[in-house]
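In the form predicted on its own, a lone chain appears below as structure tokens.
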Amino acid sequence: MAYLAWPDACPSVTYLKQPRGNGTLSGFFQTKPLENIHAGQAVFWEGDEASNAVQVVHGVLRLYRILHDGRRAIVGFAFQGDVRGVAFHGSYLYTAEAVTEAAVRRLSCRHLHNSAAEDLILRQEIFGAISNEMSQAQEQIVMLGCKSAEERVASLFLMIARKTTNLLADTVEIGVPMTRLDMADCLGLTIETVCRVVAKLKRMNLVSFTGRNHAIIHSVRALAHFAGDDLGLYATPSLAS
């Protein structure tokens, strides 16, 4: 992933002696108009010029690439508060499409990078957003490369919980807006396998559904153990806004 290409950045930023604190990443986005996105509508397309960074204000986006044979590979999901597009260089690496009715704010990457060259606090927040996206990409690699089908589905439910709730209680309710096909394309599984694993999690009383898109995780710790995930990851409150 290319580093941010603002003037005089990396390796030489020693001219900035003190953090100026003129703005924050969220503050910059707040100055931009809210854009409503309908379910199924693309926010940006893979291969297009990466001219804007995007902040998800509400709703969920699916992030996917189209393989050479026409198959869709979902590389992740973006939830409320997530920022995407800051680290792209030249063109978008994937398509971002609304799963649900959503709203986003767009911010010019050129304006953001130029502002960050003069503001250490803003630059640190941008690198934090990039690090967050890289961490999610690493989680996806581990999940696809090392986990069984059952562990992958369980980890996906836990990821949704971590992104959308404050995990102060062991029992949490989550929205699951993505379809079973979305889940399959994200986890590298068939839709039949996803349905089979979901049914097993329900039989084990780890997860239950009160509607097609609303689930209850009856024990976060038990589900994390089933998924082979670090229990400590789910012991602290989520940073979701």
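Here the structure is a predicted model, which is why all the values come from computation and not from measurement. We number the residues from 1 along the sequence you see.
Keep in mind that the form predicted together with another copy of the chain is not shown, yet the notes after this line are about it.
Partner contacts here mean any heavy atom within 4.5 Å of another copy of the chain in the predicted bound form, and among 52 to 60, 27 to 35, 193 to 201, 66 to 74 they occur only in 66 to 74. Lys163 falls outside the set of residues with a heavy atom inside 4.5 Å of another copy of the chain in the predicted bound form.
Among heavy atoms of Ala117, some come within 4.5 Å of another copy of the chain in the predicted bound form.
Although the partner is absent here, Ala154 is not a contact residue: none of its heavy atoms lies within 4.5 angstroms of another copy of the chain in the predicted bound form. Proximity of Val142 to another copy of the chain in the predicted bound form falls within the 4.5 Å heavy atom cutoff. Taking Leu158, Ala87, Leu107, Val99 one by one, only a single residue has any non-hydrogen atom within 4.5 Å of another copy of the chain in the predicted bound form, and it is Ala87.
Scanning 119 to 157 for heavy atoms within 4.5 Å of another copy of the chain in the predicted bound form gives Arg123, Gln124, Ile126, Phe127, Gly128, Ile130, Ser131, Glu133, Met134, Ser135, Ala137, Gln138, Glu139, Gln140, Ile141, Val142, Leu144, Gly145, Cys146, Lys147, Glu151 in sequence order.
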